[in-house]
Each structure stands twice: as structure tokens, then as C-alpha cells.
Ligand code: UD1
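Shown next as C-alpha cells: one chain only, the form predicted on its own.
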Amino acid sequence: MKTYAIILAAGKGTRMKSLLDDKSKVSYPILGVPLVKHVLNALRPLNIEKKVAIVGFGGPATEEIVRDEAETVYQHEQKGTGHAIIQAAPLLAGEQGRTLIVCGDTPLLKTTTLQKLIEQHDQENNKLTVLSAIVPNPRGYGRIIRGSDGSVSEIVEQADVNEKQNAINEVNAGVYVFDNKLLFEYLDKLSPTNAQGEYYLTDLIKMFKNAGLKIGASIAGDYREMLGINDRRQLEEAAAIMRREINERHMLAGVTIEDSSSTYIGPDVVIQPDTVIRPGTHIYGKTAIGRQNVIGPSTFLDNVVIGDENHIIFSHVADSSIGSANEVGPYARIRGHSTIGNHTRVGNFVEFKACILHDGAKAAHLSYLGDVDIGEKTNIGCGTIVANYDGYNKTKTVIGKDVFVGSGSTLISPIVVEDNAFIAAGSTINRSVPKDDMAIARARQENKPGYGIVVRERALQKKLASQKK
């Protein structure tokens, strides 16, 4: 049987208190991943035939996030959840199969929970199955009322519960599986009979029951999975839960995390055993870290590939690749799809942008290296700058093998420094340097006896003149 999915992602998120008119609620990130992307990640293993995201406020932002995995339809007017689902009718109405409905702001939903929900829906031959949860304090939630056979007879909202129903702690988690044809057939019969004039998806439960259609409920293993994000306090709460779960998964797989409370690891990160993550480290994107590395403290990695046996300390690394047996940091910044080979040294206050550092090369400290290819065993001296931008275009410099670049040098792109060349400290190089040559580009030093006194006296006179004004 085919499975379809509808992701409700049209809400404005007024309680997020954003000043941005084009930011959708589901685009807020947790651990570097937008809320709706967490939901899509949970759906991905379920072999879903077609996913449809209902977008509205900030729709273009949401479309950009989901475009690779879901089709989008707009809910231009906010008239309730039932009205939102109706927007998917042109894509799904009439299809045979089951449809899973989830909210795009529930990042803690797990694949296993959704799989169990679908399996129970099939096993019990239900036409509608609700995901429920057992909560310690049910106040504010719709209560699941079950019949003597265990099926769901109704969901009673907080405002309508009687004394007996008020004690029920099984509540509606807001996730559903419907027989797809029946879903859209009964959506056509919905009417906005409430004070808000909205079409509520939950009204279908009573309609299904009155028609004699079987309704079930599948209980989630952890009630926190149904946590929806409505404000930034809940955003932080969900992030704390997810951070702890991810960190525990890595620790149980052989990774040492010295301080879980200050370590933030995204859901797509892969870390091999015997790597140590020190406090204050953030690792996001599709980062892959090999074995026996030491990462941190206070290191930021985003979409980075790191080999084995590296020390990366006090660094910001994004969209880059690092080989094995390197030393990186402290306070290094590596970005722009840079690639670092094996047995290299990247020292403190070094910034790479679109840089290739081949095996055995070194840039020990205080350098900016942008759009440059640095050959094997080349040494980049302290304070070296590759000037890659002329105000209009960025150009590339190529430095060969076994080159020595002296401290305080500026290399003005585009140039080629060939193998075994030597650049004298303090040089400004704007022409290519042939193999084995030494380049010196600096003015001859001239000392003027006593002239320092003259310079200071002139400076003092200018200062006094400005004070009189």
C-alpha cells in the first residue's frame, strides 16, 4: 500500500516575535537544521510515495528548505488545519493508500514512532489512527476517549472535559494516518461551525465515528516527541532535548564528549570512535570526523570532512576537508570549501578561504590565505597575506612544493610561485616566481639620524594647533 505525507508548515509563528516579514516559523533552526527539515528527516526512511508541504506565511523560505524532498502548495488564508489539508487535494485526492499528516514544527518526532503508527493503522484495519501520548500533566491538551474495544470514540478538548475526562492523561499528539480517499471525501463535508470560522481537521474524528469508520490511537514512547515550537522558549527546550539525545548516541558509539551540556552536534554528523570532543564545540551540517581526533575546545565545524588523528583546537571550520595527522588551531578559521591534506600544521589566527593545503605544508600563525593552492612541504611564514580580491574579482594564486614564504609577505593574485622558490620576509610579490628563484620585493632601508625628533615635534605642533581650534 502506498503512503503519502502532508506536512503542515503554513503558520506565521506570531509568538516567535520576529521582526522579519519573510521568515516562516518552520525555518527556525535547531542544531543548524530548520524545524521542518527535522520532520522531513524523520519521514525519509518511511518509503513515502509523495510528500506535500502546505506553506503560507514566509512560503518562499519554506519552499527553499523542502524543495528537494516535497512538493509545495500554498494556504493563502489561515482558516485552520482542515482548510490547510484541502489545499493538497489537487495532488492527492482520489489516490489509493494512506496519508500521514504531521506538523512542520515538531522536530522531535522519531521515525520509529511514525513507523509504529502506520503499522498499527494497518494491523487494526483503521480508517483513521491518531498518534497519542501519555503526559504527566494533560491540562490544555485534547483527551483521547477510548471505547470498550480500545478504539477511539472521540477527542475532547480541555474546555469541554468533564471531571472524569479531566483525569485522563492520554492526549492527542496532532499526528494522524488517514485512509487517503476517505480523508478528502470527508474534508469536502467540513464546515466552519466554530467561533473562529475555521475548518478543523479534528472534526473529522466525530464524522468518521458517526459513519461507523474505525478509529485507533497509537501511543508514542516519549511524550516529548509531540512538542510543537510556538515560541523561542520552546525552541530552546527542544534543542536541549535533541542535543542530549544526539550526544548520548555518539558517546555510546565510542566518542568521548567531555561536557555534553556545552557540546552541540547536528543530527547529520558522523564521528568515528576514540575521537574526543572538548567543551564549547559546535559541529553542524554533514560533517564527518574520523577516528582518534581531538576536537576543541571552543571549535566550530560546519560541513567539514576530517580524517584521522588530528588536533583541531579553537577553530572555525566550514565547508572544508581535512586529512589525517594534522594540527589545526588554536583560533583558526577554515571555510569556503578548503581542503587540508595530511600531516599539515594550521596554527593560531590563520584563516583559509577556498584554500588547498597539500600534505606536509605549514601555515603556523597570523595569515590570510584566500583562493590559493599550496604545494607539499611548503612553509607559509607568519603574517603572510594572499591578496585575492581587486575590488571586482577574486583570483587565484598557486604556490608549488617546498616553497619558503618569509614572514610578513604579501602575494598579490594571480601569480604562480614555482617549486623550491624562496620569498624573502617583508616582500610584496606581484609577479610569478620561477622554480628555485629567490624573490625580494621591498624598499632599501634608509636611516636618517635624529629625524625621529623632527617627526615627533611636527606631530606635537599639529596636536596643539587642533586644540586651539
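Sequential numbering from 1, following the sequence displayed. None of the values given here were measured: they were computed from a predicted structure. Think of the rigid core as the biggest set of C-alphas that the two forms share within 1.5 Å after superposition.
Missing here is the form predicted together with this ligand; even so, the following discussion is about that form.
Of the residues 281, 81, 397, 315, just one reaches this ligand in the model of the complex with a heavy atom at 4.5 Å or closer; this is 81. Stretch-level contact analysis of 149-157, 356-364, 182-190, 207-215 against this ligand in the model of the complex, using heavy atoms and a 4.5 Å limit, identifies 149-157. Taking the partner from elsewhere, residue 202 is found to have a heavy atom lying within 4.5 Å of this ligand in the model of the complex. Though the partner is left out of this view, residue 103 does reach within 4.5 Å of this ligand in the model of the complex, counting heavy atoms only. Contact between residue 261 and this ligand in the model of the complex is not found at the 4.5 Å heavy atom cutoff.
In the model of the complex, this ligand lies within 4.5 Å of some heavy atom of residue 8. Shown without its partner, the chain has 157, 172, 173, 174, 176 in segment 157-179 as residues with a non-hydrogen atom within 4.5 angstroms of this ligand in the model of the complex. Core-superposed comparison between the shown form and the other one: the Cα of residue 156 travels 2 Å or more.
With a cut-off of 2 Å and the rigid core superposed, residue 143 has a Cα displacement that reaches or exceeds the cut-off between the shown form and the other one.
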